[in-house]
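One chain is shown next in structure tokens, namely the form predicted on its own.
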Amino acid sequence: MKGNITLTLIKPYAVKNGYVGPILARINEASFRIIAMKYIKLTRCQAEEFYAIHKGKNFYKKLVVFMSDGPLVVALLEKENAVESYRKLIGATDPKVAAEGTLRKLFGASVEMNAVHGSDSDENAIREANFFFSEMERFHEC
């Protein structure tokens, strides 16, 4: 399924502010199919492991704290060219410069408290999907 899945996290800031429904509605309106989803709270260790790719960068420690600060929604999305399509839907990391109508523009507060995560490559989408979901948790039509 390479190229057809991407992972999103609706981050603790967005969950706390009641944006889960509106974000999921926009994902649905953009013709993504949710093939797995759960509501979880990452431990600090889990956040460190998930974001290990950023270890050593100046924002890493704040990111780990932010992502383990409260519950989040994690979903595996399916659509042709999913990563690129979802990156367009979410917009730039900084809500101030994100395009109008994108999820980060609509629901994010700052670079540090943007509303959603989206996989940045097909390879990372697979790695991230495997981090959060077993094959049994993924919906597949027979």
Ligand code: CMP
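A residue's number is simply how far along the shown sequence it sits, counting from 1. Being a predicted model, the structure only gives us computed values, none of them experimental.
Another form, the form predicted in complex with this ligand, is not on view; read the next lines as being about it.
Next item on the list: Look up in the predicted bound form whether Leu63 has a non-hydrogen atom within 4.5 angstroms of this ligand, and give yes or no.
Entry: Yes, contact at 4.5 Å.
Checklist line | 4.5 Å heavy atom contact, Glu112 and this ligand in the predicted bound form | finding: Glu112: contacts this ligand in the predicted bound form.
Notebook entry, point to check: Any chance Thr93 has a heavy atom within 4.5 Å of this ligand in the predicted bound form?
Noted result: Looking in the predicted bound form, residue contacts with this ligand include Thr93, since a heavy atom lies within 4.5 Å.
Next item on the list: Answer yes if any heavy atom of Lys105 is within 4.5 Å of a heavy atom of this ligand in the predicted bound form; otherwise answer no.
Entry: So Lys105 does not count as contacting this ligand.
Next item on the list: Decide yes or no: are Lys79, Phe133 and Arg138 jointly within 4.5 Å of this ligand in the predicted bound form, with each residue judged by its heavy atoms?
Entry: Spot residues vs this ligand: no contact at all.
Next item on the list: Report the residue, out of Arg44, Lys38, His54, Arg33, that has at least one non-hydrogen atom within 4.5 angstroms of this ligand in the predicted bound form.
Entry: Comparing distances to this ligand in the predicted bound form, the residue within 4.5 Å is His54.
Check: Can you name the residues of 8-25 that have a non-hydrogen atom within 4.5 angstroms of this ligand in the predicted bound form?
Finding: Only Lys11 sits within 4.5 Å of the partner.
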